[in-house]
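As structure tokens, one chain now follows by itself in the form predicted alone.
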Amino acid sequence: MVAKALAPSRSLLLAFWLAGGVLLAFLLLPLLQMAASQTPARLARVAAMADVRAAIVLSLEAAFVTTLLAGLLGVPLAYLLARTTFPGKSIVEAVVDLPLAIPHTVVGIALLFVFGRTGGIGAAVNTLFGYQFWGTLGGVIIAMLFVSITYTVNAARVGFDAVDPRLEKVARTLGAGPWRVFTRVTVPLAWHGVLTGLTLTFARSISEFGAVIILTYYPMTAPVKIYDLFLQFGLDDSSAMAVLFLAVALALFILFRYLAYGRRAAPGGRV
């Protein structure tokens, strides 16, 4: 006989709703106040600026490429961490989590030593291929990838952990090869975790400022352009661009979250 779960008391729910309401107000109030301070004329004027539109497009482009790279590099590592045990595994896990503990300005400085003009990789690529990471889209992507890859690896690992290894073994006994099992069985079953990680990576990438401004500065991403407008013109233009950028980023983020969770939330869907 299965015991029924105890329903939370009303006092407990009330206390938790109160705490949650305070948190939601803390998160929403500054953003709503910023949006309410704008006028249609100011938003239209700032949106008409070519450099503002270019910065927003650059951020989206770089974040999409970063997310793709995070999937190609982070998902395999997540699978290894979920399915294998090896010497130094705890060290690898610590390295994966390291970007969360490093200030992003420090990240930018550290990346300069590798991808900058005199950095080992930066100088070699510039000499061999005539391409430089500083001041280019490539530098922006590198900075974004460093600060955001953790989210893909950790979320995908949780997704792989939730997949029963016996299902993979059954597929192998039926004649499927390891690559086919991974792509046709494991990844589809872990897809929500993988997509959640990619969504968080995209969100973190598109908002990155500290590492990008030190490694590249130009071309300006949207966060860097907002900072530049603030230095030049104060709150009016910078806050207007911030609202425009926030609207674009929020729309994409809601779309990605729906793709990750929408079906499970639908009637008859999995919970």
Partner chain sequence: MSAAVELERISLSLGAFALRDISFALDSGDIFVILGPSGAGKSVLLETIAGFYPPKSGTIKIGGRDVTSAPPEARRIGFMFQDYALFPHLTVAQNVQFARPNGDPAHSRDLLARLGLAALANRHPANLSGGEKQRVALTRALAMNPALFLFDEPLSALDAPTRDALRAELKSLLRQLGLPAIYVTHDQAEALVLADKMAILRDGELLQVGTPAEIFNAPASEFVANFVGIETVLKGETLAVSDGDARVALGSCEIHAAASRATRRVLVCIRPEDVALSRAPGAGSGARNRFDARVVEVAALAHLFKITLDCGFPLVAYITKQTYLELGIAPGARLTASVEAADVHLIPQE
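Treat the numbers as computed from the prediction; the structure is a model and nothing was measured. Residue numbers count along the first chain shown, from 1.
FYI, the form predicted together with the partner chain isn't displayed, but the following is about it.
The partner is not drawn, yet in the predicted complex one stretch among 161-169, 139-147, 119-127, 69-77 has residues with heavy atoms inside 4.5 Å of the partner chain: 161-169. Not displayed here, the partner chain is kept clear of Gly135 by more than 4.5 Å at the level of heavy atoms in the predicted complex. Interface residue remark: Ser90 is not counted as part of the site for the partner chain in the predicted complex, having no heavy atom within 4.5 Å. Remark: Val96 does not count among the residues lining the partner chain in the predicted complex, judged by a heavy atom distance of 4.5 Å or less. Residue contact check for Pro103: none of its heavy atoms lie within 4.5 Å of the partner chain in the predicted complex. When you look in the predicted complex, the only residue of Leu81, Ala176, Leu112, Leu195 with a non-hydrogen atom within 4.5 Å of the partner chain is Ala176.
Residues of 133-147 include none with a non-hydrogen atom no more than 4.5 angstroms from the partner chain in the predicted complex.
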